[in-house]
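The structure tokens that follow cover one protein chain in two forms, given apart as structure 1 and structure 2.
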Structure 1
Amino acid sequence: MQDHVQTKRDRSRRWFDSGFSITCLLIASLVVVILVCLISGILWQGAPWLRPSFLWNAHHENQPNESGIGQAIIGSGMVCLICGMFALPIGIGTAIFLEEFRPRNRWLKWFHNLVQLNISNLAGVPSIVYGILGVTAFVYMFGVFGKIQTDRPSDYEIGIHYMYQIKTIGGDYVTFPCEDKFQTLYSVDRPLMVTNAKGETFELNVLPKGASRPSDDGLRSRSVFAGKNASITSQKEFYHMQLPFHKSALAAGLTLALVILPIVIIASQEALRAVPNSLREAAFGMGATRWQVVRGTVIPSATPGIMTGAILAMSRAIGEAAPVLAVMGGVLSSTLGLTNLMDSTPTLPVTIYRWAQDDNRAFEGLSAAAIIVLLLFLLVMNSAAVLIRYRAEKNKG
């Protein structure tokens, strides 16, 4: 038997080993330090601004005390809803096709491989490129529906009524129907049937230029001077739609759907792959068709996994700013709020971005407060995902 001799070299090796592991631990715990600093810094900046009115007020230029994220929350909700309605069914459908329907037909096989290859590449495309795609394909639709511009009425639209509006001498606004929506101004030179704000219809009294103002109040509110311009206005129904989509919530939602589509597909594919093959074989052995196997056996087993993936994808969508910024521009508020899918709307991340850039430093604090709200939303969504995963694991074990 030979005694174990601990040489000097051995000892230094030991020392080095434990030293390395401690260094590793210190560096690894940096992640926790960063996270704590980040969250406490944001809380410190934002907490003073977190008041109930902050949650429902709209943005007001240069009035930080009056500003809030009411419209942004509704906007984010709407955009994410649209995004989820498109991305989730399409993404899950694609994943099912890729995982469960491996074709034997040569052309379909080729198509199958192409789609699979394509998805892993799409996942690496920066989100701003999707933003550009959104601008080109949804906002302007490649110019297919007329020249590329946003300030002109579309040729293809529903749920919108155009009319001209003119201010009478008395200061009231009256409206009259519009025949050509592309003519933005209409010069009044002859009497017309008009409607005022009270809903009364009467003939407009057109006075020649240079005539003296009528003294009677009632007459004044029904008169204009000849040659005065009426400007076009429009009234939109909640179902208002137009092609191209212009800078709208719908375009933003669709763009976000493209951004998260690869994430949904990859997560769903993993969930489907985790379903044991023996279950599929058992269902096939019972004489189920492939689709019956998928619907009755595979999808129920994969649902927790798919839902977790869907939630994570949606939390990516809710925090995504770049594509939304490209598609809708940096909108901070809209006068009427979100009344239909063709309206542009602020979202939470865009609001955070614009406020952080604002020259008025008070908006930095507001921005942090908005971040807190956004992070809380994300926390709730992620907890739901964790809960689903936990319950699924418990059911399995």
Structure 2
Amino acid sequence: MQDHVQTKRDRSRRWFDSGFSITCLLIASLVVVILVCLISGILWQGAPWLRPSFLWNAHHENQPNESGIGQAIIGSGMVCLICGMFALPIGIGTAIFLEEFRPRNRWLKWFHNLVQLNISNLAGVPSIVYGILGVTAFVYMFGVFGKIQTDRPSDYEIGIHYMYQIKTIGGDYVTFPCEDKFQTLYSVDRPLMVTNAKGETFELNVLPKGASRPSDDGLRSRSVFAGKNASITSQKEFYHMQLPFHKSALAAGLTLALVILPIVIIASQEALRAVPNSLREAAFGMGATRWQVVRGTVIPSATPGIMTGAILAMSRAIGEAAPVLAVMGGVLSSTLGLTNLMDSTPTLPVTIYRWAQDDNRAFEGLSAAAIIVLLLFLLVMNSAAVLIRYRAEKNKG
């Protein structure tokens, strides 16, 4: 009787195991089919738009045939470069400290565990939350520098030169130095030393209001009527910086650094934990200090795993749209391109998002083409991570 009951239980267990395996296989197959359908649809819609000019042209409003992702590629590269420069050293350094320099004091242990718990929790926070934090911390800097006003120069900035620009009677634009950068308009009522587009410096003639226009072309290009307003303009150097950062590439890069920082820390910690303790003990046995063991033994052994985690974290950063939208807005193009870190710039994910919402249906094809380019970037980065891991395991073997 007991054998019969046991046989029945074994049969039920086998049926349950088989049913569970079949269910998992069907779900996995459904996911693969959906993925294949999505990629096929994107390739079908975006492939006709893939051409060399698409990779270097900028966005043109209502002109999909002349639009491209040139500025978006440069913008994504710069934002991710800023992100990596801040997130990778801080994240790897934090992981080394948490894993290799654990405190012995009871209160320090409690603080260490609290930090570890928060890092693990932050890895699951939605990226839009980091976007809101980036707006507060980097765009406005918690309001420490006062209220930000649109089109108002920052009180704290370097690498920028302000000047006034005015149009002469002949239609030429001339400039002259600006004494107060917060005065946006300047009424010209006396002769001034100005510079034209050719770099020539001369005295600007100021004619009375109601006077007749000069007949001489040269005189017209050097004259204005009294009371005409000159508008303020600026010339930015490549090292232009300001506080707060406003809606800039630097603010977007720092926000993305916050997004991937927990991922870098956790991946680096796992790589450090994978290093056998026997290596540490052997180094300590030879009289090495804690830092010598970490620098000469642990870090070289964990480098492949750390690099793999760093590449995977960066592949997430390059595909993030929500934090960039929150910090920098939906920029599609800029007149001069990205000339300094304080400029706003388009990025690939934001460009895809904006094009997909455009009323012009042709931009949907451009959006699909941009998705293909982004997928290729992600494929290359993930392939690099797999290759690094494979070579590391092969060398260990």
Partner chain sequence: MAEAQLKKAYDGQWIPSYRLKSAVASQRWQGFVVAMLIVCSTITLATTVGIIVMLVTNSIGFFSSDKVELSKFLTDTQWTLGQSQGEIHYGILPLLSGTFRITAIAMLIAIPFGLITAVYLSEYASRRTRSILKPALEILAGVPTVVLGYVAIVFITPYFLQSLDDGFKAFNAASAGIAVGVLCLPLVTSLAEDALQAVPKTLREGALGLGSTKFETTMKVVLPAALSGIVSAFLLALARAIGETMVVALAAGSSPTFSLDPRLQSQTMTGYIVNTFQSDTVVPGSIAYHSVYAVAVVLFLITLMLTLLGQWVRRRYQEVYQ
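These numbers were taken from a predicted model, which means no experiment stands behind them. Sequence positions of structure 1, starting at 1, serve as the residue numbers. Rigid core here is just the name for the largest C-alpha set that superposes within 1.5 Å across the two forms.
In this comparison, the chain shown as structure 1 is the form predicted in complex with the partner chain.
Residue displacement note: S21 has its CA displaced by at least 2 Å between structures 1 and 2 (rigid core superposed).
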